[in-house]
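Below sits a lone chain in C-alpha coordinates, taken as the form predicted on its own.
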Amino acid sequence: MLNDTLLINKKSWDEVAPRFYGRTALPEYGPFAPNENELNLFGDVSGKKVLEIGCGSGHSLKYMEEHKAAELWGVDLSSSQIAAATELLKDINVKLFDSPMEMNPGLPHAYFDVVYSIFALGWTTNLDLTLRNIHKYLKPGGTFIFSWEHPIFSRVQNTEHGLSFNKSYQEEGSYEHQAWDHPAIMQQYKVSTYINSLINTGFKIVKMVEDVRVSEELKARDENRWYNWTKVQSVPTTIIFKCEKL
(Lines give C-alpha, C1' and ligand atoms only; values in the text may rest on other atoms or scores of the structure.)
Protein backbone atom coordinates (compact mmCIF):
# COMPACT_ATOMS: atom_id res chain seq x y z
CA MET A 1 0.00 0.00 0.00
CA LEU A 2 1.40 3.42 -0.95
CA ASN A 3 2.03 5.92 1.84
CA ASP A 4 0.91 9.55 1.61
CA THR A 5 4.22 10.84 0.24
CA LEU A 6 4.33 8.22 -2.50
CA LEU A 7 0.74 9.00 -3.47
CA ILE A 8 1.54 12.73 -3.71
CA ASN A 9 4.64 12.06 -5.81
CA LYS A 10 2.87 9.58 -8.05
CA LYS A 11 0.12 12.08 -8.81
CA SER A 12 2.68 14.82 -9.45
CA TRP A 13 4.77 12.68 -11.81
CA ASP A 14 1.70 11.47 -13.67
CA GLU A 15 0.86 15.12 -14.38
CA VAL A 16 4.33 16.43 -15.31
CA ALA A 17 5.69 13.34 -17.11
CA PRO A 18 5.29 14.81 -20.64
CA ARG A 19 7.62 17.68 -19.71
CA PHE A 20 10.39 15.20 -18.99
CA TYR A 21 9.97 12.91 -21.98
CA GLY A 22 13.43 11.74 -23.03
CA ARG A 23 15.17 14.10 -20.58
CA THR A 24 18.30 13.07 -18.65
CA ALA A 25 18.67 9.61 -20.16
CA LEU A 26 21.76 7.62 -21.05
CA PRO A 27 24.32 8.44 -22.25
CA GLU A 28 23.60 11.52 -20.09
CA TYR A 29 23.86 11.24 -16.31
CA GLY A 30 22.63 14.70 -15.40
CA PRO A 31 22.78 18.38 -16.38
CA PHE A 32 26.32 19.62 -17.01
CA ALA A 33 27.71 16.22 -15.97
CA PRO A 34 30.15 14.02 -17.92
CA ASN A 35 28.27 11.42 -19.98
CA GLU A 36 28.75 7.70 -20.42
CA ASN A 37 30.79 8.20 -23.57
CA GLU A 38 33.37 9.98 -21.41
CA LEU A 39 33.11 7.92 -18.22
CA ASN A 40 32.52 4.39 -19.57
CA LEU A 41 31.15 3.26 -16.19
CA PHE A 42 28.98 0.50 -17.70
CA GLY A 43 31.58 -0.90 -20.06
CA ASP A 44 30.28 -3.60 -22.38
CA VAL A 45 26.66 -4.47 -21.49
CA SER A 46 26.13 -6.93 -24.34
CA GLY A 47 24.56 -10.15 -23.08
CA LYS A 48 23.80 -8.69 -19.64
CA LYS A 49 20.54 -8.57 -17.71
CA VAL A 50 19.83 -4.97 -16.72
CA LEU A 51 17.25 -3.32 -14.49
CA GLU A 52 16.51 0.41 -14.35
CA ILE A 53 15.12 2.00 -11.20
CA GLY A 54 13.01 5.01 -12.16
CA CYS A 55 12.95 4.18 -15.86
CA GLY A 56 10.86 7.23 -16.83
CA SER A 57 9.99 7.38 -20.53
CA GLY A 58 12.24 4.41 -21.34
CA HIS A 59 15.02 6.20 -23.21
CA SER A 60 17.84 4.77 -21.06
CA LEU A 61 16.44 1.26 -21.58
CA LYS A 62 16.41 1.97 -25.32
CA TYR A 63 20.08 2.94 -25.02
CA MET A 64 20.75 -0.40 -23.32
CA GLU A 65 18.93 -2.27 -26.08
CA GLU A 66 21.02 -0.45 -28.69
CA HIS A 67 24.11 -1.62 -26.81
CA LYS A 68 22.84 -5.21 -26.95
CA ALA A 69 21.88 -5.90 -23.34
CA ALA A 70 20.29 -9.36 -23.15
CA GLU A 71 17.31 -8.50 -20.90
CA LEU A 72 15.66 -5.16 -20.17
CA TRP A 73 13.62 -4.53 -17.02
CA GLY A 74 12.33 -1.22 -15.65
CA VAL A 75 10.43 0.14 -12.64
CA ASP A 76 8.76 3.53 -12.25
CA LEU A 77 6.31 5.08 -9.79
CA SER A 78 4.43 6.97 -12.50
CA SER A 79 1.77 5.26 -14.61
CA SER A 80 2.22 8.01 -17.22
CA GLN A 81 5.94 7.29 -17.45
CA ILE A 82 5.33 3.54 -17.76
CA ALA A 83 2.80 4.21 -20.54
CA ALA A 84 5.34 6.39 -22.38
CA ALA A 85 8.06 3.76 -21.96
CA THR A 86 5.73 1.02 -23.15
CA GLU A 87 5.01 2.96 -26.33
CA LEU A 88 8.67 3.86 -26.93
CA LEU A 89 9.79 0.26 -26.43
CA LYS A 90 6.82 -1.46 -28.07
CA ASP A 91 9.05 -3.29 -30.56
CA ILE A 92 11.53 -4.38 -27.90
CA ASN A 93 11.29 -7.27 -25.44
CA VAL A 94 11.14 -5.46 -22.09
CA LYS A 95 9.48 -6.00 -18.71
CA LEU A 96 8.09 -2.82 -17.11
CA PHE A 97 6.58 -2.44 -13.64
CA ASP A 98 4.37 0.40 -12.40
CA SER A 99 5.71 0.47 -8.85
CA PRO A 100 7.61 2.61 -6.34
CA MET A 101 11.25 1.66 -5.88
CA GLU A 102 10.64 1.04 -2.18
CA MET A 103 8.56 -2.05 -3.05
CA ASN A 104 9.41 -5.20 -4.97
CA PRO A 105 6.74 -5.64 -7.66
CA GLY A 106 7.89 -9.18 -8.42
CA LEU A 107 11.51 -8.76 -9.46
CA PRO A 108 13.79 -11.79 -9.05
CA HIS A 109 16.60 -11.86 -6.51
CA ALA A 110 20.29 -12.39 -7.39
CA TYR A 111 19.34 -12.17 -11.07
CA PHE A 112 20.66 -8.95 -12.63
CA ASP A 113 24.17 -8.19 -13.82
CA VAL A 114 23.52 -4.45 -13.71
CA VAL A 115 21.03 -2.27 -11.85
CA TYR A 116 21.12 1.45 -12.58
CA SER A 117 19.19 4.66 -11.95
CA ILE A 118 19.68 7.84 -13.96
CA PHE A 119 18.71 10.98 -12.01
CA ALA A 120 15.85 9.17 -10.24
CA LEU A 121 17.08 7.49 -7.04
CA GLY A 122 16.76 10.72 -5.03
CA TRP A 123 12.98 10.39 -5.25
CA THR A 124 13.04 7.46 -2.85
CA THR A 125 11.17 7.99 0.41
CA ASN A 126 13.38 5.40 2.11
CA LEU A 127 16.98 5.27 0.93
CA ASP A 128 18.05 2.27 3.02
CA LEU A 129 15.05 0.18 1.93
CA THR A 130 15.57 1.03 -1.73
CA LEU A 131 19.27 0.14 -1.56
CA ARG A 132 18.46 -3.16 0.16
CA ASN A 133 16.03 -4.01 -2.65
CA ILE A 134 18.64 -3.21 -5.28
CA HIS A 135 21.24 -5.29 -3.45
CA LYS A 136 18.86 -8.26 -3.48
CA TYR A 137 18.14 -7.91 -7.21
CA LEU A 138 21.83 -8.05 -8.15
CA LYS A 139 23.98 -11.10 -8.63
CA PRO A 140 27.04 -11.31 -6.37
CA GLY A 141 29.65 -9.06 -7.96
CA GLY A 142 26.93 -7.23 -9.92
CA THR A 143 27.19 -3.53 -10.72
CA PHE A 144 24.99 -0.73 -9.39
CA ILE A 145 25.32 2.71 -11.01
CA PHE A 146 23.24 5.76 -10.16
CA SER A 147 23.24 9.50 -10.62
CA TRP A 148 21.33 12.19 -8.79
CA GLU A 149 21.34 15.91 -8.14
CA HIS A 150 24.37 16.76 -6.05
CA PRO A 151 23.22 17.22 -2.43
CA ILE A 152 24.74 20.68 -2.17
CA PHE A 153 23.06 22.06 -5.31
CA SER A 154 19.57 22.65 -3.89
CA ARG A 155 21.06 24.23 -0.75
CA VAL A 156 22.48 27.10 -2.84
CA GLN A 157 20.48 29.81 -4.58
CA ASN A 158 21.20 32.69 -6.95
CA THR A 159 20.80 36.16 -5.43
CA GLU A 160 21.56 39.66 -6.70
CA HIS A 161 24.68 39.55 -4.54
CA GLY A 162 25.87 36.16 -5.81
CA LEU A 163 25.36 32.64 -4.51
CA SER A 164 24.22 32.00 -0.95
CA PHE A 165 23.06 29.02 1.10
CA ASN A 166 19.28 28.83 1.50
CA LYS A 167 19.47 25.98 4.02
CA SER A 168 22.06 24.12 6.02
CA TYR A 169 23.96 21.31 4.32
CA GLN A 170 23.64 19.40 7.61
CA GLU A 171 19.83 19.41 7.36
CA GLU A 172 18.37 16.10 6.17
CA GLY A 173 14.86 14.75 5.70
CA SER A 174 11.79 15.46 3.61
CA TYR A 175 10.91 18.81 2.07
CA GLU A 176 8.41 20.18 -0.44
CA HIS A 177 9.84 20.37 -3.93
CA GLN A 178 9.54 23.95 -5.25
CA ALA A 179 10.48 23.57 -8.92
CA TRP A 180 7.05 22.50 -10.23
CA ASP A 181 3.50 23.77 -10.05
CA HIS A 182 2.43 20.38 -8.68
CA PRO A 183 3.08 19.35 -5.05
CA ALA A 184 5.91 16.85 -4.58
CA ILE A 185 7.89 15.66 -1.56
CA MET A 186 11.60 14.97 -1.80
CA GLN A 187 14.24 13.75 0.63
CA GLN A 188 17.46 15.61 1.35
CA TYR A 189 20.62 13.65 2.15
CA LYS A 190 24.29 14.51 2.60
CA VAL A 191 26.95 12.88 0.43
CA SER A 192 28.15 10.96 3.48
CA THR A 193 24.65 9.54 3.97
CA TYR A 194 24.69 8.06 0.47
CA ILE A 195 28.20 6.67 1.01
CA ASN A 196 27.44 5.14 4.41
CA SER A 197 24.10 3.71 3.29
CA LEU A 198 25.78 2.03 0.31
CA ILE A 199 28.52 0.57 2.52
CA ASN A 200 26.08 -0.59 5.21
CA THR A 201 23.90 -2.29 2.57
CA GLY A 202 26.84 -4.33 1.29
CA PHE A 203 28.14 -2.34 -1.67
CA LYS A 204 31.72 -1.50 -2.49
CA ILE A 205 32.03 1.98 -3.98
CA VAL A 206 34.16 1.69 -7.11
CA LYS A 207 33.98 5.30 -8.26
CA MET A 208 32.31 8.59 -7.40
CA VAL A 209 32.04 11.46 -9.90
CA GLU A 210 30.99 15.06 -9.22
CA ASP A 211 32.68 16.78 -12.16
CA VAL A 212 31.10 19.45 -14.35
CA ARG A 213 31.10 19.26 -18.16
CA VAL A 214 30.69 22.52 -20.02
CA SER A 215 29.78 23.33 -23.60
CA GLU A 216 28.31 26.38 -25.30
CA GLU A 217 25.28 24.32 -26.35
CA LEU A 218 24.58 23.29 -22.76
CA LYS A 219 25.07 26.83 -21.46
CA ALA A 220 22.57 28.18 -23.99
CA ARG A 221 20.05 25.39 -23.40
CA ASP A 222 20.04 25.73 -19.62
CA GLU A 223 20.23 29.53 -19.35
CA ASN A 224 17.83 30.88 -16.69
CA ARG A 225 16.77 27.38 -15.67
CA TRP A 226 17.25 25.61 -12.34
CA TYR A 227 20.54 24.19 -13.61
CA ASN A 228 21.88 27.51 -14.82
CA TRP A 229 25.44 28.38 -15.67
CA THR A 230 25.81 30.95 -12.87
CA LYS A 231 25.41 28.24 -10.23
CA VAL A 232 27.20 25.54 -12.18
CA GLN A 233 30.43 27.53 -12.27
CA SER A 234 30.70 27.08 -8.49
CA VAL A 235 28.44 24.16 -7.52
CA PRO A 236 28.32 20.65 -9.03
CA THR A 237 24.91 19.66 -10.36
CA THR A 238 25.27 15.90 -10.35
CA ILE A 239 26.81 13.13 -8.29
CA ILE A 240 27.43 9.70 -9.83
CA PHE A 241 28.27 6.46 -8.04
CA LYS A 242 29.48 3.16 -9.44
CA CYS A 243 29.23 0.32 -6.93
CA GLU A 244 29.70 -3.44 -6.78
CA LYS A 245 27.67 -5.94 -4.74
CA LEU A 246 29.92 -7.72 -2.27
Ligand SMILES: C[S@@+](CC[C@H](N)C(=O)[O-])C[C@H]1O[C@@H](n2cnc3c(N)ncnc32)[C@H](O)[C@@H]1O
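Everything quoted here is computed from the prediction, not taken from an experiment. Just count from 1 along the sequence shown to find any residue number.
Separately, the form predicted in complex with the named molecule exists; it is not shown, and the next lines address it.
In the predicted bound form, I145 stays away from the named molecule, with no heavy atom inside 4.5 Å. Taking non-hydrogen atoms only, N104 never approaches the named molecule to within 4.5 angstroms in the predicted bound form. The named molecule in the predicted bound form comes within 4.5 Å of a heavy atom belonging to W123.
Though the partner is left out of this view, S99 does reach within 4.5 Å of the named molecule in the predicted bound form, counting heavy atoms only. With the partner left out here, the named molecule still marks one of 186-194, 50-58, 64-72, 34-42 in the predicted bound form; by a 4.5 Å heavy atom cut-off that stretch is 50-58.
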